[in-house]
Each structure stands twice: as structure tokens, then as C-alpha cells.
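So this first bit is one chain, no partners, the form predicted on its own, shown in C-alpha cells.
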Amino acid sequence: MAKRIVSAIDVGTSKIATIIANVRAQDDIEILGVGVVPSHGMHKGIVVNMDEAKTSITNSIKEAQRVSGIKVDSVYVGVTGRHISSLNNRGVVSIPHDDRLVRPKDLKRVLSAARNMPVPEGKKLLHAIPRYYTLNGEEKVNQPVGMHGTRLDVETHIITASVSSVQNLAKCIRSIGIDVEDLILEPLASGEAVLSQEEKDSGVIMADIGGGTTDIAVFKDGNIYHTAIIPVAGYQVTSDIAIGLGLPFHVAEKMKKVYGNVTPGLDTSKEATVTGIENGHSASYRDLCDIIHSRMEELFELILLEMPTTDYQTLAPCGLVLTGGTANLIGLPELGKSALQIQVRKGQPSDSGIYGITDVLRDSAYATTTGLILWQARNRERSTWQVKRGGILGGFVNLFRKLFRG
């Protein structure tokens, strides 16, 4: 089968991860290279220092290229941040043909109608994802092309993003000579990596708890139903530990990862005091875990506030799937079950159909990284954002880059 190289980059608050893969089919993906470096110049999914962000992105891409032996000339980029907003919108058109047969161009017309909505100043459509079609009043039609009808409706999930925030991120990547192939909302990518089709069909909530943001996605009837970004995640937990226990931030982060436990009813057999990894810093084990426990309880409350309905048990009978680096905290699923009264599990990228250099990816922290490749491989709709170089000159640049790709 033909070799098709796809590269993606997850630009996060705590880390930047570049992945290079040979995508033969949606269930036949060979990971050729991964480059993970600490993130600088980013905060809550937004570029706050262009030079620092550019350096971190460059180092991540160089590491992935070194491992794979393949030069990256374009990437799919994950997007997140509080500037993201979403809603479900409906479009409707008539079928004008004499035979009343739905054609592909009718799908384009009805999707265009769904996208034709006012967007706040400074924002632009990122995704317009069709959830299902309705033909002559018959709902939940997945593929109406070839069917007969007079009226075609589409329920579409619309996602918008800040123009300036996305442009700054794209500028960082383009400034090092890498084209932005497309933009993908990060919780959509994470869902591809950690959720089963059965969960998406029945209804499930996914929370990707990263360093700077918690990305929420609700799936129902096999498609995306709701998305939201909460600007609270692992960074805030570490900050609270540092302030509450009088520790340097980097020591608080290491203590959180090594000793952190959010399980209700802490293990009293643990030593009363734990010693930090550097310079002999110490803290009460119970105080450390109490801070983490309180902050994660608050985060679960924020997740509920972002739900489109108060009846979230009916909306998502499969419960909540936690992923992202902060999901590795001991006892977090148990705390979630206690706080939300629903099933909660930790999700990590599946090995099914993915092979090669995958050791580092078998962790919840890399759900978005892996999901960016999966989203592209499964032939999802491209984003509505025009990110490619434009004009005649841009066309020649892209052509020559493809001809002389390393």
C-alpha cells in the first residue's frame, strides 16, 4: 500500500509533542517518530511569548525528525483555549431536482446553510461537523445521498475560535518553515484516541485534563454533541500546592506526580511527611493530598456546569472518560464516581491498528497527540479555517516543497 506520511503537533501548556506517522489506512498506522519537549511561551492553550513558543516547537519537530529520519514540511495542529466556543445549528434546503434525488451538491448546500450564522467579532468558524441529517421529517439519516425527498435538514456542531489566537499559533509554526496543513480542535482528537464506538453511540463525556486547560467533549449517537474548554487543569493544582505548602513550583509539580493521591479516605499508613525530590523540601502527605483532592472536586463541579443539560446521566449513560496528563493522578476515577454518581474510567490511546515507536504514546498524556493522527486518518471533515498558503506564489511554494521533500 502507498506510503503516506502525516505529521501533527500538539502545542500544550506543559509539553509540545510532534508525531510523524505512515498512514496506510485508518486501522494501519505506523508511528515513525515522536518528539516531546517542555513547553515554553504557552499558557492555557494560547501563545504568550512568540519567541519562546517558536523555540519549543522547533525543538519538538527536530526531535521527531531525528527519530524518524523524515523531514517535516507540513503539520496538522491541535487547537484549544478558552476562546473556543460551540453550538449546534440546523440548516435546511429543498431538493429541486425533478427526480427528488439527493445529490452530493445538496449536502454541500445544506451544510453551507447551517454554517450561515452570525459569528462574534474577532472569531471565525473552525469546524462545522454534520451530526445527522433529516429527510422529509425522518431523523437520524446518516447518508442521504441517493435517497428521495423534498426537504433536507442537517444538525451541525459549529465550533468557533479567536482569529488572533489561532493566527499567532500558526505564525509560530510557519516562521520555522513548516506549513499548517489543517487545524483540529483538541478534544475531538482526544476522543478519537480514547473512546470506543459503542461509547460514542450510547453517549459519553470525555474530559482531557492537561496542563493549562480541561477539554470537554460529549458524544451522542455516534457523533460530537457538545464541546467546551475549561481554563483550569494541572497547572492550577500545582500552583495551589506550591502556595499552600510553601514550595517552589517545580518541586510542587514533582511531589504531585510522585505522591499525589485523590482517593477519598487517604491511606493513613503513608508517612506523615514526604521529602521533596530536590533540596530536601518536605511537606505533609495528608496536606498535599487534601489540596489535590479539593481542587479536583472543584474541577468535576466545573465539568458539570459545562454540560448542555442537567440530566447528564441520561445524556451520557457510558459516564465520564478521563484522559490527559492530570488523569494519571492516583484515585481520580474513584473521586469522579463519588462526586458525579456516574461511571468514570481513565482513557489512554489504544494500541489497535497503531504500531511502531509507540512506547511513549501509551499514556493518557498523549491522547491528543495520537488523536490528531487518527482524526486525519479517518477522513474527517477538514476545518473551515483557511490555513494553507494562498495565491499563485503559495501554490508554487507548496508544489516545490512536495517535489523536493526530504
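Not measured: the values here are computed from a predicted model. Residue numbers here begin at 1 and follow the sequence given.
Omitted here: the form predicted in complex with a small molecule. The next part is about that form.
Asks: With the partner absent here, would P187, K200 and W375 each sit within 4.5 Å of the small molecule in the predicted bound form, counting heavy atoms only?
Replies: No, the candidate spot makes no contact with the small molecule.
Asks: If contact means any heavy atom within 4.5 Å, which of 306-314, 321-329, 144-152, 127-135 contacts the small molecule in the predicted bound form?
Replies: Contact-bearing stretch, as computed: 321-329.
Asks: Sort through A53, I61, I29, A365 and report the residue having a heavy atom within 4.5 Å of the small molecule in the predicted bound form.
Replies: Partner contact (heavy atom, 4.5 Å) among the options: A365.
Asks: By the heavy atom within 4.5 Å rule, which residue out of R109, K256, H293, H226 makes contact with the small molecule in the predicted bound form?
Replies: The residue from R109, K256, H293, H226 that makes the contact is K256.
Asks: Check whether Y235 has any heavy atom within 4.5 Å of a heavy atom of the small molecule in the predicted bound form, and answer yes or no.
Replies: Answer yes; at least one heavy atom of Y235 falls within 4.5 Å of the small molecule in the predicted bound form.
Asks: With the partner left out of view, is G212 within 4.5 angstroms of the small molecule in the predicted bound form by any non-hydrogen atom?
Replies: G212: yes, in contact with the small molecule in the predicted bound form.
Asks: Report whether the minimum heavy atom distance between N22 and the small molecule in the predicted bound form is within 4.5 Å.
Replies: N22: no contact with the small molecule in the predicted bound form.
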